[in-house]
Ligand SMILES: CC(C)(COP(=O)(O)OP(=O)(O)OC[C@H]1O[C@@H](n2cnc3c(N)ncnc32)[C@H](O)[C@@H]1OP(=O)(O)O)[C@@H](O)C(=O)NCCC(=O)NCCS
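First comes one chain, alone, set out as structure tokens in the form predicted on its own.
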């Protein structure tokens, strides 16, 4: 893809790219593997569970191919670093460091949010997973959130739980501080037109700078996006489904040649 075909990001614009993990072929897995750096490939090999291995592989392919939609950089050429809390960002090429991204993956789905000049966090969860929400909620929710989940009708309790969970995950990822933020030091109010953030002095922030969006991209998945855009800019979110595309089928960049049969690809 030439520079004339590159996508552009406006102020406050967030593009979210979604990829289903169902039916990823062995040939496509091998092609994705060729995009990975040596440290990424080593990490991929360390996954024991096939589902987790697939999530990691497709998420790395998705972020690389997605970034190459916005900059004339081959997919394999992107380099990444993490901050001290583990949040990744583009380190090379320097000219593309203004492009910000955040990744999330769960059983069956991978999501990548892309933006510029704003803080972004995204979380996706599979609500069909086997999970004891009554046991987990007290460990991850503030008192107001916990009370709301417990007071919800039994048939609505799981949905309410994942509403809070995805929002909290998206927010701490948007802050770039992960679990260094105490989960009971901030909470959400879901009673308005959009989720409203509340913070304590243990989680100093300006709640008004954040906007939160919730989606059900499939019947079994829930997703939340947290965006802190520049002042006087109202964020806009666009969702796009994709299969990460490689050079040779109309997309930017090129594959690293040389890999053949990699153990673990099936």
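Residue numbers count along the first chain shown, from 1. In this text the structure is predicted, and so the values were computed from the model without any measurement.
Unshown form predicted in complex with this ligand; subsequent notes refer to it.
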property: 15, 64 and 116 all contacting this ligand in the predicted complex, non-hydrogen atom within 4.5 Å; result: no
property: is_contact(residue 43, this ligand) in the predicted complex, heavy atom dist at most 4.5 Å; result: yes
property: In the predicted complex, residue 103 touching this ligand (heavy atom, 4.5 Å); result: yes
property: Contact of residue 87 with this ligand in the predicted complex (heavy atom, 4.5 Å); result: yes
property: Contact label in the predicted complex: residue 56 to this ligand, heavy atom within 4.5 Å; result: yes
property: 128, 179, 190, 147 - the one with a heavy atom within 4.5 Å of this ligand in the predicted complex; result: 179
property: Candidate stretches 192-200, 69-77, 139-147, 90-98 - the one whose heavy atoms come within 4.5 Å of this ligand in the predicted complex; result: 139-147
property: Partner contacts in the predicted complex for 166-200 (non-hydrogen atom within 4.5 angstroms of this ligand); result: 168, 169, 172, 173, 176, 177, 178, 179, 183
